[in-house]
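This document opens with one chain alone, in structure tokens, the form predicted alone.
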């Protein structure tokens, strides 16, 4: 009995230590000091050119097989309240009035496809992956429904299919399949005012800088998304301060993934070490039960001889 107990504790300690070390190593390699892929693509949105037509919403739904728009295009009542993305709406356009008598400004919202995505950093099963091309893609077959991604996202984007029998997390996928085929993302192709520009992220940053320099005092001297939360693939320029348009201005310039090391260690312990402990405890208990049912004393020797 003592030998079995000692064997179990030795096995448990070794397994736990190995799993913790491996989990931590994997976590650090997943985020670390990663600075993004230099040739990744991006989007630049000029909010001064958006007219609120919502054709980007309709196109997004069409190319991704989502339910059609519930409010017809052209119906301005949709702007009576600020909307957020959900499982059926991967992008939404909201209207903002920056002041009394001011002209309305429309702002498109979707997954920002961060350079170092927090959703990917906290996911214990790596269901979210930042691709070299730029999009942050989601693998539903790996997802376990923990929804840590929803809590970690600094932009509050991922949504969960609560009413589905087989729920998954949903968000804008940057039309990853389309751009791999050399096609424009659905929203960009549908925009009638060219408010959305698709291209190499570094080129888009230069274009935005040129626009701001060419019209000094007209645009805000800030490209939203270049540095926010460590940088994002979607970037914006505006003639109106971003804090008046529903943009979060307190995210800092450090990637959210770098704050997640402690959390990742905890997640690894829960999903890797705890099952190891339970498995070892089961084997130990089973061994004790077998010993309890085995005959002892002189009768045991007789049975052994009979066998």
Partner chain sequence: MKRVLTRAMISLAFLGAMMLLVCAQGGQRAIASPPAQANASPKAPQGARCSECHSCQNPTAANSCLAPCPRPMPSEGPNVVLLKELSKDYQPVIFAHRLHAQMSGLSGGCAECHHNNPTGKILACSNCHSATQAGTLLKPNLTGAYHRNCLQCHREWNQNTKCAVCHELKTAQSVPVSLPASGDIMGSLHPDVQAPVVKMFDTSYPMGSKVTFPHQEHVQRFGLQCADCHQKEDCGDCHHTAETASEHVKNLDEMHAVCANCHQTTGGQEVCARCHSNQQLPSFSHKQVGLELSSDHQIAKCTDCHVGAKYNQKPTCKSCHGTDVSYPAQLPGTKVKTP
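All values reported here derive from a predicted model rather than from experimental measurement. Positions refer to the first chain, counted from 1.
One more form of this protein exists, namely the form predicted in complex with the partner chain; it is left out here, but the text below deals with it.
Taking the partner from elsewhere, residue 217 is found to have every heavy atom lying beyond 4.5 Å of the partner chain in the predicted complex.
Proximity of residue 211 to the partner chain in the predicted complex: non-hydrogen atoms within 4.5 Å are present. Using a 4.5 angstroms threshold between heavy atoms, residue 131 stays clear of the partner chain in the predicted complex.
Proximity of residue 50 to the partner chain in the predicted complex falls within the 4.5 Å heavy atom cutoff. Proximity of 107, 227 and 253 to the partner chain in the predicted complex is absent: no residue of the three has a non-hydrogen atom within 4.5 angstroms. Here is the short version: of 187, 172, 237, 114, the single residue with a heavy atom within 4.5 Å of the partner chain in the predicted complex is 237.
Shown without its partner, the chain has 192, 193, 194, 195, 197, 207, 208 in segment 187-208 as residues with a non-hydrogen atom within 4.5 angstroms of the partner chain in the predicted complex.
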